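A single chain, nothing else alongside it, follows as structure tokens in the form predicted on its own.
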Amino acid sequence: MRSRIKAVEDAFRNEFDGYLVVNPINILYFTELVGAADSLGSAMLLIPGGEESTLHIHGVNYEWAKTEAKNCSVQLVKRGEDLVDLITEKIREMKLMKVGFDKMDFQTQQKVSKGLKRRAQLEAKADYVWDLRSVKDGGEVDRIQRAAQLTTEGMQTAQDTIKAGLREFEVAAEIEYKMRSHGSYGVAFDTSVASGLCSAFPHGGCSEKKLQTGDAVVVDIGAKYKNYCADMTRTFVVGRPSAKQEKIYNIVKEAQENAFQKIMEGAKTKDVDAAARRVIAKAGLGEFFVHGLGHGIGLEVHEQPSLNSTSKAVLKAGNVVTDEPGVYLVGYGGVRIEDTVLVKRSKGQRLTEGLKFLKKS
């Protein structure tokens, strides 16, 4: 299998002499390090076309990176050395005339440019990285699938736990304990258990509010496994759902399934979004579906491609995306159903699955 560094070299070959990776998550991607992006501290990966790539990293993380990083050498940034000055010097020494980079704050960019003294051109170009990251290889799919399995187990715990009198954060604690105890490396994002009127807020969060009989409870969770994320939402009702709750739920469920049937290689993401939106609009609730259908997911919870009405993206086999229509009636409550889906040539594959019904007690 071609290394990710080799793949980006091939991509920039006709445009740049080298490429500088600054974003910590992108560094994890190219070096295949397993760990929180924050644990990298200050680090940069210099990829010169045709020569060995080097990860420059400070001492506190040097031994870890030296042992675990793939497809590159690892150079220690010594105490008192300035990483930006060091990188600038390396670019000059290697006589790289045009260098692309993924993401850099303005101050750092200015410092590098000044240090190069117009001997090299620096240009922002993140497309190469996103094009690679959006299509997952087999190892990435395996990790996302494991994260999805752990997430599904967490959602089963949510269903088993929810009852009147419990606080939202108590339900969240049980969910996170189950995912962690079964192998999750952490949560992909803050666990959301939004009940009652707060279920009408797409990002309802989690509070000390007690669940009450009749509440809709929108549970949005994601486990993380070896850096990779999953994302899943289900809506439950404490006790027996009302006729109105069941009606809205079934509309959202149909919308999600309608979109799922469109998820395949070659599909326009705006068309997948439209497939869900038509169902909800036909039911007279179109104005209450207030966000895009979904997003890519991988090392981050929100990646490319986006699935919304203005997106110009086309799905590729190997994309992993979410399918998450919702209806949110402020002052009443909301419903969202979400799965993480792997895009294949002629169909999609749900990586999260099951529990598509309202809890009844």
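Residues carry their position along the shown sequence, with the first being 1. In this text, all values refer to a predicted model and were calculated from it rather than measured experimentally.
The protein also exists as the form predicted together with a further copy of the same chain; that form is not presented, and the subsequent description refers to it.
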Glu174, Lys224 and Phe289: each with a heavy atom within 4.5 Å of a further copy of the same chain in the model of the complex?
yes
Of 132 to 140, 245 to 253, 180 to 188, 82 to 90, which is the one stretch near a further copy of the same chain in the model of the complex, taking non-hydrogen atoms within 4.5 angstroms as near?
180 to 188
Hey, in the model of the complex, does Gly49 get a heavy atom within 4.5 angstroms of a further copy of the same chain?
no
Give a yes or no for Gly318: in the model of the complex, does one of its heavy atoms lie within 4.5 Å of a heavy atom belonging to a further copy of the same chain?
no
Even though a further copy of the same chain is not shown here, does Asp102 get within 4.5 Å of it in the model of the complex, heavy atoms only?
yes
Examine Lys163 and determine whether its closest non-hydrogen atom to a further copy of the same chain in the model of the complex is within 4.5 angstroms.
no
Residues within stretch 201 to 227 having a non-hydrogen atom within 4.5 Å of a further copy of the same chain in the model of the complex
Phe201, Pro202, His203, Cys206, Ser207, Glu208, Lys224, Tyr225, Lys226
